[in-house]
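Just one chain follows, in the form predicted alone, and it is written as structure tokens.
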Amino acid sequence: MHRLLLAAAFLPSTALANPDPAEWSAVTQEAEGQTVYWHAWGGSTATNDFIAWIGEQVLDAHGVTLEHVKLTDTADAVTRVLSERQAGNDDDSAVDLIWINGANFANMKEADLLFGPWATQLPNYDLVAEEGVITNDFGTAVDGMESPWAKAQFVFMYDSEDAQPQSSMQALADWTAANPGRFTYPQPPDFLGTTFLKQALVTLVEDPGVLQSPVDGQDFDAITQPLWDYLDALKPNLWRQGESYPASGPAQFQLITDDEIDIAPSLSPSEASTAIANFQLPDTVRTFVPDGGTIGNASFVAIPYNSGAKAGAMVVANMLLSPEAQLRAQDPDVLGYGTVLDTAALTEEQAQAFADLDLGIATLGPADLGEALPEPHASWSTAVEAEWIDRYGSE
């Protein structure tokens, strides 16, 4: 017996510490008393308050203490985990949970820096609406290595006193030609500006499926030529003839309020409603999506391979998927994020609560948003941004 215990002491500590989400009662028992350091973007008071509320829930329900480590760049958390592995810290990371998606997730998965798979075995995952933006993160298969908790989808804001919804990206270009100077988009590499480029690309390219694979090894020039033809025609009709661009998404608000433009993109279906409520936009602003759908993506949380509080981290991820937390996150007075849940899987009372939620005067309902198109593989963002800057950014 003594020899067995001695042998166990020399096993890798992670082999003993990893909890099994299929044994949920054991996970919650292990999680009690743990402190989870969640590295998440901290640039929004509303987001910070929501994370603090999640902390209150997991503390009350499971005795888990949640510490929000506020980030300005998710890559900082990735770099920290990588540095810990290089230093031989394989079981006591300063990072227990990361708000992550896109290239950062792809990099951590490829470098074997993630714990898992675990996400699809969470009790509340049975309520998730499994669709492309949930199972595929910017072209990288999720494979249960991260858990979704919010959705976003590309929309256009428009001032209904001066413009109308446009049925396609080409219709938007035609409208801009007829109304020069009344449309613009943020300057890449701003995230929203790059998303506008990707929205145009996925609807103009002959085979959108090629965008799901890494850009390396593909004929970038030929595949993206329809995008550059589109932008070349669009540019002289943009605000200020495309000689300058707004610095960010929120910077567009003032242009609409000052009646300099009538249409602008957004990555949050409820952003316009929230801005109207905050008197940042006129109450005549509404939103639309072109026929055929728009790019959508999900926010995820992932657990580093060397977290010392994996059970507590899974408890937090499961709480984020609870109907109560999802309803709160979708409330435009709280966050206004899209839910990742399938309301058909909820109880009648829970589903009615989502149906009764006032999404705001300018927010489209789920049916009106249409299909959420998958993001291209993360490598396309970098390549398209660089090409855009080379063609238009230095003028």
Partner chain sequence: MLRFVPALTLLAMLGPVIAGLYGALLPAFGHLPAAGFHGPSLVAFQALFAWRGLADASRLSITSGLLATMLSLAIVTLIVAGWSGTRPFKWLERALSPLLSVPHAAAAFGLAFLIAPSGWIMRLAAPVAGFDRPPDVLVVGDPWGLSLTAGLVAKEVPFLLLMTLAALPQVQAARTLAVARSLGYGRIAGWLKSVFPAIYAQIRLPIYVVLAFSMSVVDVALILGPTTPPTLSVQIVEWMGAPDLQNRMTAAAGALWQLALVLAVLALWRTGEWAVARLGCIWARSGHRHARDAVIRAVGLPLAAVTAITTLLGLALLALWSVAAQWAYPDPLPAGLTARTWMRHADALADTATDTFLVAGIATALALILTIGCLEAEHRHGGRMTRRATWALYLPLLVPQIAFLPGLQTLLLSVGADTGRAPVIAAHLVFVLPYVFLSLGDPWRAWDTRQATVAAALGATHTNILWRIRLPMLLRPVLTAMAIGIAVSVGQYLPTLLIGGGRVATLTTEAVALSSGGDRRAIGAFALAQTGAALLPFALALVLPAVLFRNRRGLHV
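Positions refer to the first chain, counted from 1. Since the model is a prediction, treat every value here as computed from it, not as a measurement.
The same protein also has a form predicted in complex with the partner chain, omitted here; what follows describes it.
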query	finding
Options 178-186, 319-327, 285-293, 201-209; stretch whose heavy atom lies within 4.5 Å of the partner chain in the model of the complex	178-186
Proximity of Tyr37 to the partner chain in the model of the complex, heavy atoms at 4.5 Å	yes
4.5 Å heavy atom contact, Ala247 to the partner chain in the model of the complex	yes
Exercise: Asp162 in contact with the partner chain in the model of the complex, heavy atom 4.5 Å	yes
4.5 angstroms heavy atom contact with the partner chain in the model of the complex for Val69	yes
Residue among Ala46, Ala61, Ala345, Ala355 with a heavy atom within 4.5 Å of the partner chain in the model of the complex	Ala46
In the model of the complex, the one of Gln170, Asn136, Thr120, Thr257 near the partner chain [non-hydrogen atom within 4.5 angstroms]	Thr257
Contact check for Lys109, Glu146 and Leu341 against the partner chain in the model of the complex, heavy atom at 4.5 Å	no
Neighbours of the partner chain in the model of the complex among 265-288 [non-hydrogen atom within 4.5 angstroms]	Ala277, Asn278, Phe279, Gln280, Leu281, Pro282
